[in-house]
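A single chain comes next, written as structure tokens; it is the form predicted alone.
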Amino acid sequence: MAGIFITLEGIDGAGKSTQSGRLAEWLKQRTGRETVRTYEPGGWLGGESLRGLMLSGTKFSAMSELLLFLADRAEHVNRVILPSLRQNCNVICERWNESTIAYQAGGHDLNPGHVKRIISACNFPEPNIKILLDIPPETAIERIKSRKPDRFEAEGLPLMRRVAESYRRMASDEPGKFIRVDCDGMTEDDVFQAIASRLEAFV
């Protein structure tokens, strides 16, 4: 697989979609390859119905929630991620395994070791680069006030804080696998420049 696989992580409101669009253009120019932008959950043909189920007001048990996200990812891998990489395209995905660990373990109290083992058994492709957009949960809450919240956003600041802390622990435990950008007080342009300057060493 010659394509580069990059994932964007962070709590809701961190700016993943905004930076994904800018990064896709930069990466295409940098590598000369087509760059596919995608997202989770539901980033595959037919996946929107599953996305709606997972992000609606329906309340699932933590384990059911975990398995739904992994089922979605399995289809995403087989229908979008691997075919794109095999066609020599770069892939930028908003959310990946780290989101599952951060939200289902850090946010909803599943055992982190169990969650990681279940994810490992799925044998999903490992990103070349993981980017964590780290913003204060209070800032994230302000950013998402203008839209109708999904089921996770509606849980508010307590969940945001637990998830943000889980992300930070992962980045701290595996510094060689993450590009962590402290977005507090930074403009959209500042964040993108911080990402691009760090990626230049890899791409």
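Keep in mind that what you see is a predicted model, and the values were worked out from it rather than measured. Numbers for residues come from their place in the sequence shown, where the first is 1.
The same protein also has a form predicted in complex with thymidine-5'-diphosphate, omitted here; what follows describes it.
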Contact between Ala171 and thymidine-5'-diphosphate in the predicted bound form at 4.5 Å, heavy atoms?
no
Would you check, heavy atoms only and a 4.5 Å threshold, whether Arg147 touches thymidine-5'-diphosphate in the predicted bound form?
yes
Are any of the heavy atoms in Phe178 no more than 4.5 Å from a heavy atom of thymidine-5'-diphosphate in the predicted bound form?
no
I'd like to know whether Pro41 contacts thymidine-5'-diphosphate in the predicted bound form, with contact meaning heavy atoms within 4.5 angstroms.
yes
Partner-facing stretch of 93-101, 78-86, 110-118, 123-131, counted where any non-hydrogen atom is within 4.5 angstroms of thymidine-5'-diphosphate in the predicted bound form
93-101
Contact residue in the predicted bound form, chosen from Arg37, Arg161, Arg51, Arg30 - any heavy atom within 4.5 Å of thymidine-5'-diphosphate:
Arg51
Checked 3-41 against thymidine-5'-diphosphate in the predicted bound form; residues with a heavy atom within 4.5 Å, sequence order, are Asp12, Gly13, Lys16, Glu40, Pro41
